[in-house]
Every structure is written in C-alpha cells, then in structure tokens.
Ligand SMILES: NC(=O)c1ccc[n+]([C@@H]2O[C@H](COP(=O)([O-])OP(=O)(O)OC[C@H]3O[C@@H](n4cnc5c(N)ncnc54)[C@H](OP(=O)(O)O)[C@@H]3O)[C@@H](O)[C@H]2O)c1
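Shown here is one chain on its own, the form predicted on its own, set out as structure tokens.
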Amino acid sequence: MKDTENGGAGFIAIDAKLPLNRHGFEASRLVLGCMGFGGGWTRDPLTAEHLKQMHEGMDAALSVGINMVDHANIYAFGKAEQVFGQMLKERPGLRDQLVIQSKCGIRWAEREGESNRFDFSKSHILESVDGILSRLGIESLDILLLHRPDPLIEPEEVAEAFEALRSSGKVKRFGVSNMSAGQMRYLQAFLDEPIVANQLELSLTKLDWLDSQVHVNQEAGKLSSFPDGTLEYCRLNHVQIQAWSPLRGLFNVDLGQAEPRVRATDELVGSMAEERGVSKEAIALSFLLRHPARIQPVLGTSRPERIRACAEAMQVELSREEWYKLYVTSRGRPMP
C-alpha cells in the first residue's frame, strides 16, 4: 500500500499479524497520536500555524509508513479533531488512506462545583460520535474506543449505542481503553461485534504489565496494579493492545532528579541506540514491539523529527538477551 497524497512518499508498514488487521483494516504498526495537535489544552481558537503543524505532522507520519491516527473527543477541548478535519478538507482523498480512531466517554465539569466524570450512557455515546464526525469532517469513523471505564456502565445501553452506530455506518468497529480482562469479558457478553482494541499505558519504564506476570505466586505480586489476565485475554481474543504514552518516564523527566534505575535505563538505551545508529526513541519503542502480543504504540508527539525518530523502531530487532537486559535494568532489581 503506497501513499501518494500531497507529498507522502512512504509505503505503509502493514503488519498482517496485528490483531487489529484481522478485523478488516490495513493499519500500520505505529499510530500517530493526535493529542498534541490543535494548540493544546486551551480554549483559544485555531490558527493557521496549528493547521500547518497538523499538515507537517501527518506528512512525517506518512513518510515513515504510519497510516493510523488516534484521537479523542476531549483532546485540546475538541480542537485536535477540528484541525485534523481542516487538514483533510485541504487534502481530498487522504481520508481513504487512513485508519481513523477516536475515543469518547470522558466528560469535563460543565459548571463550578462539578467534577470531571465518565459517561457511557447511550445518549452520550451517540452525541459524542456525532460531534467527532462533525469535527473531523468525515462520514464514518473506523474505530471508536470507550475512554476509560465508567463504574456506572449499563452494558445494555452501550450495546444499543454500538448497534445504532454500526447499522447507521457511523462507526465500523469498537474498542475500549484502560479496561481489565474482567471488564472486557463482561461488556463483550452484551455485544454482537467483537471488541477490537484495548488502549493501555505500557512503556519501558512503566512495567506493571510485565511484573504482574513474573511475580505470580510471590510477595512482590501484591504490589502490582496491573489487572491479572488482561494481556492473555486480549491475545486469546484477538484484541489489539495499544500502548499510550509509550515513552513516558524516560524522555520527559529530569534525569538529574530521576531514580537510579531510570538513569541506568537511559544510559543503556543510549548505548544501544548509538551501537545501532538509531534514535533512543527507537530502542525504547522496540522494547514494546518485541513483545509477542504485537503491541501497537501510539506516538504522543506532534514534532515531525520526533515522529521520524520513533519510526526507526521498525528497523530494530532486539534479541531475547537484549530485551531482558532492558527489562531488568528498568526494573532496578534482578529477575526473581
């Protein structure tokens, strides 16, 4: 699959073994996360500079084979989707080359004294998707994720909303974010369509998703916050695991103030990157790519040079020994 739209020159890096691609998509292994576009978390209007930034970010993604984008209706208070929609309007034909995903379910406080909350009611899901489609300027969303678990979820309502969106052609597939195996299993029991994705925070420095597996039947396991069986459930049921903030904790910290394990990990990542002639981002992301769950990292940067640096991860194949060296170093303690 080759992109020819407005300067994108890369072949799309399709991975047929991605669980997501079992559900009718041709999605790249890496995803362009769009939270950083649209001018950030302000109520200021969009500018020509914001639109230029969106074009440049999309061009960088396409040039390195990324054809999937991740949104949420709350990002930049809706402006991230809005500026993306303006970009699409200026580039006829680009929409058909992309896999577009967005999320809904988080509601900001609407008046003083209220708190932010989650809302998986049928009415809110339907209203949210109409807003998403309007801001993006498209007729159909490829994937809709529920954005974090709602303790007040009525799965029958979610099922009705999903069926209405699917039958109307507004959404093709559905997924979740930050859900455990039990929560997915419960929701799936009410759905006619399979849950196709679960977006979780996973990275080289946030390791509870791995520690929960190696600490079974050990005292250290009591400290893990990662829900038991979640990775296994996703793998058994062809649910695409997506990693949000896949570089957090290593590239956005003051290393002078960081824990010794983080400084040691940064040094190791740097030496491995220098040895291979790739970016440090590529090494950190390759740690996720090496896992057999075929994790799909969602890149959180809007900078073209950083997007290209992250894509170098596709050139890196870590050996088992290298992967474990990164894991143990980041753990800051030996394997049990």
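Since the structure is predicted, the reported quantities are computational estimates derived from the model, not experimental observations. Note that residue numbering begins at 1 and tracks the sequence as displayed.
Keep in mind the form predicted together with this ligand is missing from the figure; the text below concerns it.
Taking 4.5 angstroms as the heavy atom distance cut-off, pick the stretch from 164-172, 204-212, 78-86, 177-185 that is near this ligand in the predicted complex. Looking at the other structure, the answer is 177-185.
Is F251 part of the interface with this ligand in the predicted complex - any heavy atom within 4.5 Å? Yes.
4.5 Å heavy atom contact, R148 to this ligand in the predicted complex: Yes, R148 is a contact residue.
Although the partner isn't part of this model, could you tell me whether G33 comes within 4.5 Å of this ligand in the predicted complex, counting any heavy atom of the residue? Contact check for G33: yes, within 4.5 Å of this ligand in the predicted complex.
Using the partner position in the predicted complex, report whether N73 sits within 4.5 Å of this ligand, counting heavy atoms only. No - in the predicted complex, heavy atoms of N73 and this ligand never come within 4.5 Å of each other.
Within 4.5 Å of this ligand in the predicted complex, heavy atoms considered, which of L133, V262, V99, L247? Looking at L133, V262, V99, L247 one by one, just L247 meets the 4.5 Å heavy-atom criterion.
Contact check for K103, Q199 and L299 against this ligand in the predicted complex, heavy atom at 4.5 Å: Heavy-atom distance to this ligand in the predicted complex: all three under 4.5 Å.
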